[in-house]
Every structure is written in structure tokens, then in C-alpha cells.
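One chain is shown next in C-alpha cells, namely the form predicted alone.
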């Protein structure tokens, strides 16, 4: 699952622990598509495909990846394992869970030990969408095209809110 043009490698990787996370993580992908940021999407479990995950993350920077978004539920170790293996920024998205409504995932991701940071977003679809926007903001620090598209997105968002401000 890659959203990629022929001429440029993906700059953002979206990883998740299982296919059941895809519906939520598509919100990150949708934001990146809207901002024309080439990215790839992979399902690699920290527990069930550890070696494949470590190999993928170990090669990510050489392949042009600049930011990794990791969506995980339950024990939510995916973001932390990735952060321990790379110097790239890692953004963690806690999945909404049935048992604890995602609080277990949130606490697992946000409580990283000192020295291995993970930027943690909100639980579920809002967190996934914001992870896409935060990845874009990170890229925008050195890419004026991304910055311009992100600025236009934010301005359009403001216009929509202001257009709806009057209630009769």
C-alpha cells in the first residue's frame, strides 16, 4: 500500500500493528494525500512481525522517510519499538479499543521512558488525521511547497469555520 509518484520516494511512513487499524490510519493517509505528500502504508506488528518491523525501520531513513506515524492498540508497543530503532520523529496514534476505549493504548504510547520520545496524538481518527498534519508541519520546516500547501489547508479550514459562525 503505497501512495507514491514515479519521481519521488515516500517521505512519511504510516505503520500499524494490524489490518483492523487501517480504517483509523487512513485518516492520516488522507491528510497526506490532501497535502500532496508522498507516503507509504504498512502493517507490521511489534509483537507478531518483530524482525520485519526492525528491518523496515532500520532502512527507512536511507529510503527517504523523514517521519514515521505509528498506530497501535492494546499494549501499543509499536511506536516505542520504532522510536528505539530510529532517530526519525515518531508520531504515535492510539487506537480506539473496545475494552478501555483507547485509554490503554494512549497510556502505553504517551508513557515512554526518558530518552526515547514519541509524539503522542489523540485516540482514534482525530489523532490519525492530526498525525498527518503534524508530519506535514515537520516536513514544512525544510520544504516550502509543503509549507504553502499546509498554510492553504489551514486558511481554508478557517474560512469554513467563519462561514458557519452565524446561527439564526
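Residue numbers count along the first chain shown, from 1. What you see is a predicted model, and the numbers here were worked out from it, not measured in a lab.
The discussion below concerns the form predicted in complex with 5-O-phosphono-beta-D-ribofuranose (RP5), not included here.
- Shown alone, this chain has one stretch from 128 to 136, 111 to 119, 32 to 40, 47 to 55 that lies within 4.5 Å of 5-O-phosphono-beta-D-ribofuranose (RP5) in the predicted complex by heavy atoms: 47 to 55.
- With a 4.5 Å cutoff on heavy atoms, residue 10 does not count as touching 5-O-phosphono-beta-D-ribofuranose (RP5) in the predicted complex; it lies far away.
- In the predicted complex, at least one heavy atom of residue 73 sits within 4.5 Å of 5-O-phosphono-beta-D-ribofuranose (RP5).
- Although the partner is absent here, residue 20 is a contact residue: one of its heavy atoms lies within 4.5 angstroms of 5-O-phosphono-beta-D-ribofuranose (RP5) in the predicted complex.
- Residue 95 belongs to the set of residues with a heavy atom inside 4.5 Å of 5-O-phosphono-beta-D-ribofuranose (RP5) in the predicted complex.
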